[in-house]
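Below you will find one chain, with nothing else, as structure tokens; this is the form predicted alone, and questions on how it binds or moves follow later.
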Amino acid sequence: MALTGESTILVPVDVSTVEPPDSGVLELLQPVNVVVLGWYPVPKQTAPAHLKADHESEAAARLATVVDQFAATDHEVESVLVFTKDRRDSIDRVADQYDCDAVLMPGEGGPIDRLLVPLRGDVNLERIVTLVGELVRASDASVTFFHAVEPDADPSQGEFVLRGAADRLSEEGVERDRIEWTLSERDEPRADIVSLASEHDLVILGETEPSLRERIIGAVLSPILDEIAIPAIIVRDID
């Protein structure tokens, strides 16, 4: 099926278990295209072909169930089934193959009314704000931009970044009263993001690592993802 929307999000799903997408995520992703990556974990000492021969039918059925849930809400959906020893490698490879703009990481489900969007200056800013606009234009969700400056830095630099992001999102059609920002002058952006995440329903982060293998779920983002309970969307820096 040809994808027709603006942005495409990769949704990895462990098809060795029943892992249905959360209703809040289904609703949030309605405006964008979706590629569902059904991945079946393969132990180190096991040949993928052997496991595939034994479990391909059940894995394909579980993947089809997930795809049907996205398709039922008028998403444009494609799907891929892989048997893999390396989930991260599969995510990177399929995200590249389908030219995905972002990757969804699962978390505790529920209605998604508040989005937290940490920004690293103007790094990947245009792509992040564009995707946020696509996701929230048709909803009532509010957006909180976050940026941290060094304790001895001029806070006006951070305010400039945040105000610019808010202006850009407003230009994307999101009402200004749904946009907030938080500027931190502490030297602990990771702790600030984790703390703020507890007050929000989903976090949207830009990828950070330069290498293909590590850039989506690399060393910088992994600790944050490990500490937050809510779903996260990682926006790829592919310009």
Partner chain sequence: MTGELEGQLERNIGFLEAMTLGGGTMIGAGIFILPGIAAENAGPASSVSFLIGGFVALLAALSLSELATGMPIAGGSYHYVNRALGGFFGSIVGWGMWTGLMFASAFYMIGFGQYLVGPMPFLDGRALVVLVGLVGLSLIVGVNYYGTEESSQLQNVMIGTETAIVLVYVLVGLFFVDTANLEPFAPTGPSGIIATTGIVFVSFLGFEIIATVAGEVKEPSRNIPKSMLLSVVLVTILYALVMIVSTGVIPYESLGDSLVPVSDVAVVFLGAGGVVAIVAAAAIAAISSSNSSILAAARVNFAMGRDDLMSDRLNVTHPRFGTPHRAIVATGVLTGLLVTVGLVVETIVALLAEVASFSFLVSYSLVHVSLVVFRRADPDVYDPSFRIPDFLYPAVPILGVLLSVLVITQMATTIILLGLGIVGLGMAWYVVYVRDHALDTGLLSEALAGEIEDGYRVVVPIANPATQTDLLRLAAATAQAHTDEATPELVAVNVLQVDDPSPGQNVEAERLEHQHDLLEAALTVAADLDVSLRTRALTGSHVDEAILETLVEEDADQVLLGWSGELVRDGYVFGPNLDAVVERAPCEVSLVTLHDETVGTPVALAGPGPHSQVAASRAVEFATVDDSVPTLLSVQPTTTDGDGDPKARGAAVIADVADRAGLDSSQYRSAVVVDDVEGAILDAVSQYDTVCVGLSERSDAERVNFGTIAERISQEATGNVAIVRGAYDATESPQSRRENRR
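Residue numbers count along the first chain shown, from 1. It should be emphasised that the depicted structure is a prediction, and the values quoted were computed from it without experimental measurement.
Just so you know, the form predicted together with its partner chain exists too; it's not on screen, but the next bit is about it.
Annotated contacts: 46, 50 and 93 all touch its partner chain in the predicted complex [non-hydrogen atom within 4.5 angstroms]. At the 4.5 Å threshold, heavy atoms of residue 84 reach its partner chain in the predicted complex. Although the partner is absent here, residue 159 lies well away from its partner chain in the predicted complex, with no heavy atom inside 4.5 Å.
Although the partner is absent here, residue 63 sits close enough that one of its heavy atoms falls within 4.5 Å of its partner chain in the predicted complex. Taking the partner from elsewhere, residue 101 is found to have every heavy atom lying beyond 4.5 Å of its partner chain in the predicted complex.
Residues of just one listed stretch (198-206, 37-45, 180-188, 166-174) have heavy atoms within 4.5 Å of its partner chain in the predicted complex: 37-45. Though its partner chain is absent from this view, in the predicted complex it lies within 4.5 Å of a heavy atom of just one residue from 77, 143, 149, 119, which is 77.
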